[in-house]
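So this first bit is one chain, no partners, the form predicted on its own, shown in structure tokens.
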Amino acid sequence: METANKTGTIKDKLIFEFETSKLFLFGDTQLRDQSMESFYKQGIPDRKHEEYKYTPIASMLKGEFNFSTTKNCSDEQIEELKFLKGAYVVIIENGILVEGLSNLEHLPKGLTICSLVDASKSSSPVFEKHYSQYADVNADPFIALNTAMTKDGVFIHIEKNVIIEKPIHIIHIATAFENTIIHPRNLIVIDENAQVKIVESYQTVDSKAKIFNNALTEIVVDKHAIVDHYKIQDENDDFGYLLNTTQVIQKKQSVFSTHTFTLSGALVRNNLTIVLDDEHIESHLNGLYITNGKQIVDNHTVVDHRKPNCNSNELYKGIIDGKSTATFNGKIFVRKDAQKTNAFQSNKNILLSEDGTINTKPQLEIYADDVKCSHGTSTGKLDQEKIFYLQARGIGITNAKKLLMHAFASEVVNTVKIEALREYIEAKIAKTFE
């Protein structure tokens, strides 16, 4: 790979930034070099790239971008984002963990929460065993770019047989006064027979320029572990650009549930991959996206059944308004050895506008012969008969539509097991329907 000139394309500038800063970054320099080499070969995908044909990242990244990660948010603004009272709070601003504003004192025995920088310096055997082992740098250019250029993030480890009663709330804050690219990263390891609830919220605060947030999370769910994972994406409709990659690997008899709520953002792309790598595993994927204006929301999911006797259930719902565009591309792989698999996938959408667009593509690839699998998708408008029924009972047309949209969304919202989080999401959704 040649060292790029600073005055070239955004790809060139990213490579130049990497070459000038890599000696100051944590971890394995060889891994970073290999990752940047992979990014150099793959490049930034454009509309001709099948997996990114509805996600115009290449055009969004035109122009000048900064790579610094200074703190711009006030302490008061950050405090307002701590909507889960009593949770263990992790503040990550522009990709850097801010310990002074996080709530990490008095952690229970068996729970470790620290920055990736500290985990790397401490030579933690858990960190060294799992870091960058599941998100393949050759599978996606943004995985490669994050692995090469990440400056920090959070490392969470729940030890064997430990049950964490309080939720862990990771608050990702993006803020900048000039166009900026950041690469936050998380590594979450849940050992055998442990239990935890983890909430990630993504918010753009007080920004005056574009922020491209290339975030990556690796989650390891060991045998018999139970994990509830939530993502709340509430980015700025003008300046918030989020590419969120989550890579999960599950072991024997584990249960993993993930819930993705995309409430705002100029462009949001979610890449979610779950690998069921043992027997008797249970996976649940739920998603809700509400779009308006010229927003672009793109959900790509992969559920990879590698071993027999496992179950996965996937439900994504969307409400599309204005001139916005939403995409759902869901893939289920059932490998040759994954007999007795039960895998179900559903995507349902409501179009509120003639100018809105939904692209939906559920897919099954089945190489085993003793399975129960199904997928389906539906797109339509609000039921006029139901609207008329509600109007006939004295409910105005605006409130009638709100009731129907709320009922449509509630199937996903009701999967949230943390009451305070469910109330927060319901309030946010109600505000979008105003």
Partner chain sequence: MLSIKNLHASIDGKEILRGINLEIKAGEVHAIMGPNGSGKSTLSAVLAGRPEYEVTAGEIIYNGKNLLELAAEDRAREGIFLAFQYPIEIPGVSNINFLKTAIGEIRAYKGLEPMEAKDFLKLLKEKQALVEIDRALISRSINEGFSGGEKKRNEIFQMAMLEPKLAILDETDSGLDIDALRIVANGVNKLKSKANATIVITHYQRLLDYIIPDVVHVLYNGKIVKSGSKELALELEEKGYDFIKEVEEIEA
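Residue numbers count along the first chain shown, from 1. All values reported here derive from a predicted model rather than from experimental measurement.
Below: the form predicted in complex with the partner chain, not depicted.
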Task: Candidate from R47, K62, K386, K41 lying within 4.5 Å of the partner chain in the model of the complex - any heavy atom - done: K386
Open item on the list: Between L382, A58, V371, L390, only one gets a heavy atom within 4.5 angstroms of the partner chain in the model of the complex; which residue is that?
Closed with: L390
Open item on the list: Although the partner isn't part of this model, could you tell me whether A407 comes within 4.5 Å of the partner chain in the model of the complex, counting any heavy atom of the residue?
Closed with: yes
- [ ] Report whether the minimum heavy atom distance between T29 and the partner chain in the model of the complex is within 4.5 Å.
- [x] no
Task: is_contact(N399, the partner chain) in the model of the complex, heavy atom dist at most 4.5 Å - done: yes
Open item on the list: At 4.5 Å between heavy atoms, is I366 in contact with the partner chain in the model of the complex?
Closed with: no
Open item on the list: Please pick out the stretch from 30-38, 391-399, 374-382, 50-58 that is in contact with the partner chain in the model of the complex, where contact means heavy atoms within 4.5 Å.
Closed with: 391-399
